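Taking the form predicted alone, here's one chain by itself in structure tokens.
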Amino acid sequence: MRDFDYLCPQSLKEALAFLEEHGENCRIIAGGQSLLNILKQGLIAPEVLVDIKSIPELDYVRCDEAGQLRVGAVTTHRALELSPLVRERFGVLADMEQHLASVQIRNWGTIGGNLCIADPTGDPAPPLIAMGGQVTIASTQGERSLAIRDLFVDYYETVVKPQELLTEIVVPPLPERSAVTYAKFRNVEGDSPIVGAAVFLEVDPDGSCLDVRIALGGVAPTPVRAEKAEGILRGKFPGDGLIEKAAEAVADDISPIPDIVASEEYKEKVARVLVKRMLREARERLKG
């Protein structure tokens, strides 16, 4: 591993100043659960590491007056998993975190770091995208917000610029008559998912689908929305036949890449099965 300077700002303002000063020559580290592996492999060799783990302004879990969940970027996976607020109002996130990697990793890894490393098989992105989550990105020039689905560009690449820092994740409150589900398929407990699928389903008083968002991980270079499948469901009653048809359409929304774990065909089949299960589970949850 190449030598580097290590900077440990104690405030967001100080961190942004470091990023402005060093730009493309530096990398941000928070929990470091993924970044350290990349450094050891020599895939990147920054001259400066800016450690944001000790910035208290970025470590929180709270709801604002509008009922939105606000999570600071350096909040650990374990803090989200155990948060009474998350468990009560955004239970799917707590359940997702409970099955992310190992307790040791969850105790140190951060939600912001997980999103910024942009691993296409990461657990948090699909449920956050399904719930319509956003991120806030800051620099010395100000802040900008964008949908989490627009954060990812390619394998391990995001739209966050060298002088910018992802500071917050924002999740809107769930509407009445809505449900969110998430499941993943993996060979070994604690492994990254081969495929992960999340579903947000909202129905009107008659039970017809008012809105639906289906998000998948592990089936493309970035997490993706299954918009063709969503279009099949929107405005109609999500009966078994329609759910089956939507799940089959997922194949048109994804582009799995074969690897040492699974073939393209296998991932596509798993995606269809998971989406069908998650749609049915969301529908059943709405029945109470």
Ligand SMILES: Cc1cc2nc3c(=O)[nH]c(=O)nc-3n(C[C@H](O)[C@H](O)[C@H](O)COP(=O)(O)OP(=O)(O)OC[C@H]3O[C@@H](n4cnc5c(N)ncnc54)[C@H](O)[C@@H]3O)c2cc1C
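The first residue of the shown sequence is 1; numbering continues from there. Being a predicted model, the structure only gives us computed values, none of them experimental.
This protein has a second form, the form predicted together with the named molecule, left out of what is shown; the following refers to that one.
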### Query
Would Thr222 count as touching the named molecule in the model of the complex under a 4.5 Å heavy atom rule?
no
### Partner contact for Gly133 in the model of the complex: the named molecule, 4.5 angstroms, heavy atom
no
### Query
Hey, in the model of the complex, does Ala249 get a heavy atom within 4.5 angstroms of the named molecule?
no
### Query
Are any of the heavy atoms in Ala229 no more than 4.5 Å from a heavy atom of the named molecule in the model of the complex?
no
### Task
Answer with one of Val170, Leu210, Ala79, Ile117: the residue that has a non-hydrogen atom within 4.5 Å of the named molecule in the model of the complex.
Ile117
### Query
Which of these residues, Ala73, Ile214, Leu128, Val195, gets a heavy atom within 4.5 Å of the named molecule in the model of the complex?
Ala73
#### Entry: Which of 214 to 222, 142 to 150, 195 to 203, 109 to 117 sits within 4.5 Å of the named molecule in the model of the complex, heavy atom basis
109 to 117
### Within 173 to 200, the residues that have a heavy atom no more than 4.5 Å from the named molecule in the model of the complex
Lys184, Gly190, Asp191, Ser192, Pro193
